[in-house]
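The form predicted on its own is given below as one chain in C-alpha cells.
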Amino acid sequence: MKFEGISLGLKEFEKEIKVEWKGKLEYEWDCGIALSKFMEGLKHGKILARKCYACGRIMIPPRMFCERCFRPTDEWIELGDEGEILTFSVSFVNWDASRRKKPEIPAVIRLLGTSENMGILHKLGEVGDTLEEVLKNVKIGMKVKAVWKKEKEREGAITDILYFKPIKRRK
C-alpha cells in the first residue's frame, strides 16, 4: 500500500495554520498503600518510613516491598523531622522555564534514623537570597529541620513541609 502525501509550497506556509482542540485531560492517580499512609502521616505532622527486618533498612519514601531483599517490608517507623543534606542544587529557573530572581534550592535530605543513602527530595529555606549566600550557607552533611505548614492548613501532601532550614548549633 502506498500513502501519498500532499506537497506544500511557500503559498501554503504563508497562510495561517490554526488547529483548535479541547482535550479532556482528567486523570486519577493512586498513591498505593505505602505512600497513602506516608501522606496521611504528613497531614498529622509525622514522617513515616518502612523497615525491612531481613536487611535492616529503614526506607523513606516508604515502600511495601524491599527491592534489596525481594520481600515485603515489615514495620512502620515514625521518624523525626531532622536530617542532613546528601546533595543539593541551586536553581534560578521555575518549573515553566521562566527565570527566578531569588534561587530555589532543591535538596535530597536524609532524615535521622533512615538507612544510608535514603532521602527525600525537598526544598531548603532560610539559606540566603543570592547565589553567593546560598553557596556560603549550604554544605553537604549540614543538619536541617523541617518547617511545617500550620496544622489546620495541612492536606496530606509533601508540601505540608514548607521547606527544611539549617539547624543552628550553639557554640
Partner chain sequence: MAQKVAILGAGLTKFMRRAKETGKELAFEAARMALEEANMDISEIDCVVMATAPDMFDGVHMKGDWLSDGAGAKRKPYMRSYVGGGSGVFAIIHGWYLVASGLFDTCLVVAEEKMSSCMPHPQGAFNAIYDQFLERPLGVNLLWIFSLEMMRYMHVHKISLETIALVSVKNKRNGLDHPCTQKGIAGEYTVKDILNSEVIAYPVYRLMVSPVTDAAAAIVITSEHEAKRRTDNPIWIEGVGWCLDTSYWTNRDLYYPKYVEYAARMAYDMAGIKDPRKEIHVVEPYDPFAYKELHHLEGLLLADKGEAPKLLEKGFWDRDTKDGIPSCPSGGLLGVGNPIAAAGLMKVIEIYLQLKGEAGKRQVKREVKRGLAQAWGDLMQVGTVVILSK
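Numbering follows the first chain given and starts at 1. The model shown is predicted, which means the values in this text are computed figures rather than measured ones.
What comes next is about the form predicted together with the partner chain, which is not displayed.
Peer 1: Decide whether residue 46 counts as a contact residue for the partner chain in the predicted bound form under a heavy atom distance cut-off of 4.5 Å.
Peer 2: Because no heavy atom of residue 46 falls inside 4.5 Å of the partner chain in the predicted bound form, the answer is no.
Peer 1: Although the partner chain is absent from this view, report whether residue 117 comes within 4.5 Å of it in the predicted bound form, heavy atoms only.
Peer 2: Result yes; residue 117 sits at the interface with the partner chain in the predicted bound form.
Peer 1: Might residue 76 be said to contact the partner chain in the predicted bound form, defining contact as any heavy atom within 4.5 Å?
Peer 2: Close contact is absent here: in the predicted bound form, residue 76 is far from the partner chain, nothing within 4.5 Å, heavy atoms only.
Peer 1: Applying a 4.5 Å heavy atom distance criterion, does residue 10 contact the partner chain in the predicted bound form?
Peer 2: Contact with the partner chain, yes.
Peer 1: Out of 33, 54, 112, 131, which one falls within 4.5 Å of the partner chain in the predicted bound form, going by heavy atoms?
Peer 2: The option sitting close enough to the partner is 131.
Peer 1: Quick one: in the predicted bound form, does every one of 86, 99 and 121 get a heavy atom within 4.5 Å of the partner chain?
Peer 2: Contact check passed for all of 86, 99 and 121.
Peer 1: Does any residue in 78 to 113 get within 4.5 Å of the partner chain in the predicted bound form, counting heavy atoms only, and if so which ones?
Peer 2: If the 4.5 Å heavy-atom criterion is applied to the partner chain in the predicted bound form, 78 to 113 yields 86, 87, 88, 89, 90, 91, 92, 93, 94, 95, 96, 97, 99, 104, 106, 107, 108.
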